[in-house]
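Next up: a single chain in structure tokens, the form predicted on its own.
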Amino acid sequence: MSQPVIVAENLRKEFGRVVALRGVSFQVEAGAFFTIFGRNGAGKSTLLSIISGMASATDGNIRVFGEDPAERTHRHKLSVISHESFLYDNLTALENLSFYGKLYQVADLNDRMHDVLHQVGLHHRRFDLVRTFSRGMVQRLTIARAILHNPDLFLLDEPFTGLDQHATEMLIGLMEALKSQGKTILLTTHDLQIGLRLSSRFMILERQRVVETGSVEGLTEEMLRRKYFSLISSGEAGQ
């Protein structure tokens, strides 16, 4: 059996007196689509920051591709898609992709840039400055940036925030395509419908702790909704 892509053991993260994660443990197998559900403040974004290597845990152990993500050894193997674009407003779409492509030493970069722009429906805007783009277009270019170097692991942190229905369906379609290619995908969202539609496994975070993990096999949206709100209500009662 192959080694899991992500292994987290008793992760704890503190910001001064604020505890953002409390003993979080889970693992994600290669090729899985793993969704983390939870409300704002549950610890989802903090967890993805640690997995991506952009933050370090206060305590516990985390391995991504068998290494400490803080070492950034395997940064070329992963991409982050969130409500933050990491794009440069005063550069064109092509210039942004060229910058990131050279950073990751993408082979056949020119052809690859045009290919990903076609995939996200932005090829006709390739020479336009990002500051002229709508929110949905910025997110499309963010996706193009994320898939440019063909990573093995995608970390998606509330990627649907602020998107219209068309952009949302485009992003869902892309994630389904990545899933069919055997990519490993970790999604955080509070949208139960989308998470259930895409996932093979899920986890629920509440009050910075894991309160449920499982497979989506045989799970309906109504069953998940009842489970989710039951756990959320239990957490509120315990406050």
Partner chain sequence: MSVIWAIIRKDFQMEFRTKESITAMWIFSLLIFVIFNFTFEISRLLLLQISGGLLWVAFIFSGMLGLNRSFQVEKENGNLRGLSLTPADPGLIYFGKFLSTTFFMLIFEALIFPLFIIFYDIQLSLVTLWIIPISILGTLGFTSLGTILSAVAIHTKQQQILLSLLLWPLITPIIIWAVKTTGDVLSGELSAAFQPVMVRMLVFDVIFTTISYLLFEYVVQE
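If you superpose the two forms and keep the largest set of C-alpha atoms that fall within 1.5 Å, you have the rigid core. Positions refer to the first chain, counted from 1. All values reported here derive from a predicted model rather than from experimental measurement.
From this point on, the text means the form predicted together with the partner chain, which you will not see here.
*Asks:* Should K102 be classed as touching the partner chain in the predicted complex when contacts are defined as heavy atoms within 4.5 Å?
*Replies:* Yes, K102 sits close enough to the partner chain in the predicted complex that at least one of its heavy atoms falls within 4.5 Å.
*Asks:* Going by a heavy atom distance of 4.5 Å, is Q119 a contact of the partner chain in the predicted complex?
*Replies:* Q119: no, not in contact with the partner chain in the predicted complex.
*Asks:* At the 4.5 Å heavy atom threshold, is M137 in contact with the partner chain in the predicted complex?
*Replies:* Taking the distances in the predicted complex, the answer for M137 is no, it never comes within 4.5 Å of the partner chain.
*Asks:* When the contact criterion is heavy atoms within 4.5 Å, does S49 count as touching the partner chain in the predicted complex?
*Replies:* Yes.
*Asks:* Among 49 to 57, 166 to 174, 24 to 32, 189 to 197, which stretch sits within 4.5 Å of the partner chain in the predicted complex, heavy atoms only?
*Replies:* Residues of 49 to 57 come within 4.5 Å of the partner.
*Asks:* Can you list, in sequence order, the residues from 85 to 118 that come within 4.5 Å of the partner chain in the predicted complex, counting heavy atoms only?
*Replies:* Heavy-atom contacts to the partner chain in the predicted complex: S85, F86, L87, Y88, D89, N90, L91, T92, E95, F99, Y100, K102, L103, Y104, Q105.
*Asks:* Once the core is aligned, does R75 move its Cα by at least 2 Å between this form and the one not shown?
*Replies:* No; that C-alpha moves by less than 2 Å between this form and the one not shown.
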